[in-house]
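The chain below stands alone and is given as structure tokens, in the form predicted alone.
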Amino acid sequence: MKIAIIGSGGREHALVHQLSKSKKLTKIYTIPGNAGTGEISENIDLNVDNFQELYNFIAREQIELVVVGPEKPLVEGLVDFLESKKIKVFGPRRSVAQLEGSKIFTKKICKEFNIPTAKFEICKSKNEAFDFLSSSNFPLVVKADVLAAGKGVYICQTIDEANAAVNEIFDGKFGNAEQLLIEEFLQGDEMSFFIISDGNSYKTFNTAQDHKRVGEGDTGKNTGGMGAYSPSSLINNDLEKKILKKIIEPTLNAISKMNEKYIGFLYAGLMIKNNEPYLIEYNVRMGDPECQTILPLVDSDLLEIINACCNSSLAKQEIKWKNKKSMCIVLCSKGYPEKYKRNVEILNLKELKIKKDSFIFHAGTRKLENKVLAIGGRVINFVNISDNYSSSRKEIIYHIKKLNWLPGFFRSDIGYKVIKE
């Protein structure tokens, strides 16, 4: 089977790595890919915003399945476009992808279908937001109603911080903003919960916990994710039943009432308090770096699972999991999530001796004249699976220090809430 993966990050490298294990695979392309995907697939340098150009290549190469990795092409309707051309594609359609593309769209579904979430206010102008904030209790959360690569969320302790967030959002930091969301601040522990769906049935697809803040101890600015571990220490049978009954199934019912089907990965960002789940947000794809953390635990043929979703036969598939713990730590360019240098060479990568249960997934990299260059903020994901999180973290940090990439930095405390040393 000839397949193509759309995207260029760590999530896509992890997908290519897992899919390349399938006996059903004959050829795999990554569009546009990175230095890591280029080692195990054929990178194709196309603009993923140009749907016609993508289709022309897919049709010419007779690609049988397309897997869309990142959120932007999903929200902009790539699935709809390819389906209209009779291409088999894994991912939700545009109308359904609003679950991630518009936080307000999701909040309205929560209200209509009684899905537990934070109380909220929708504001359509700066003055409307300032008026609401003037009589609000703090802390609270201000959110941009657009795709913001994980950075459009402000946890505000004071009215001055909240007003500054409102100004940044309406002044276009994340693109044109016609409205924003102000939410109460939920106390508890965050957890990432995943399902995979074929439009008729769904199966759970593990859990993870992500570290969004740039600094040790979860301090500093929000990033796209500095590391993660899987499974979440919070999950238990009772909590999983509540998540499915109170959050996942009502959401899928809402989609059904739209005369739509959800095909793809669905990622619920949750707040857990006293073993009760509250929905923070949805993502309509695998998380990053959660994907890199979760996929090495899959003990089934991922290509068969994804193909079954496209053929509405997921119910017949069994998803097996390794009885292991997994951790990912992200090596970033110094300065991230603000300004950082690009096209910085990464030396010593080929010299690293990686063991069987360790993985390196590239993110912001490219290859130029046999050199691997860092071109993004999040550069390389180091992953290890083992019997405990402590062992995984030690193994990962050993490899990062061996690499000794001086223009980079990482958080050495990923998983600190579950590692007691």
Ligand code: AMP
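None of the values given here were measured: they were computed from a predicted structure. Each residue number is its position in the shown sequence, starting from 1.
The next section is about a form of this same protein that is not shown, the form predicted in complex with this ligand.
With a 4.5 Å cutoff on heavy atoms, residue 93 does not count as touching this ligand in the model of the complex; it lies far away.
By the criterion of a heavy atom within 4.5 Å, residue 174 is excluded from the residues contacting this ligand in the model of the complex.
Using a 4.5 Å cutoff between non-hydrogen atoms, residue 87 does not count as a contact of this ligand in the model of the complex. Looking at residue 166, you'd find every heavy atom of it more than 4.5 angstroms from this ligand in the model of the complex. Residues with any non-hydrogen atom within 4.5 angstroms of this ligand in the model of the complex fall in just one of 274-282, 73-81, 296-304, 123-131: 274-282. Proximity to this ligand in the model of the complex, defined as a heavy atom within 4.5 Å, holds among 190, 218, 249, 161 only for 190. Put simply, of 234, 118, 104, 346 only one has a heavy atom within 4.5 Å of this ligand in the model of the complex, and it is 118. The three marked residues, 354, 357 and 396, fail to reach this ligand in the model of the complex, with no heavy atom of any inside 4.5 Å. Contacts with this ligand in the model of the complex, taken as any heavy atom within 4.5 Å, map within 154-188 to 155, 183, 184, 185, 186.
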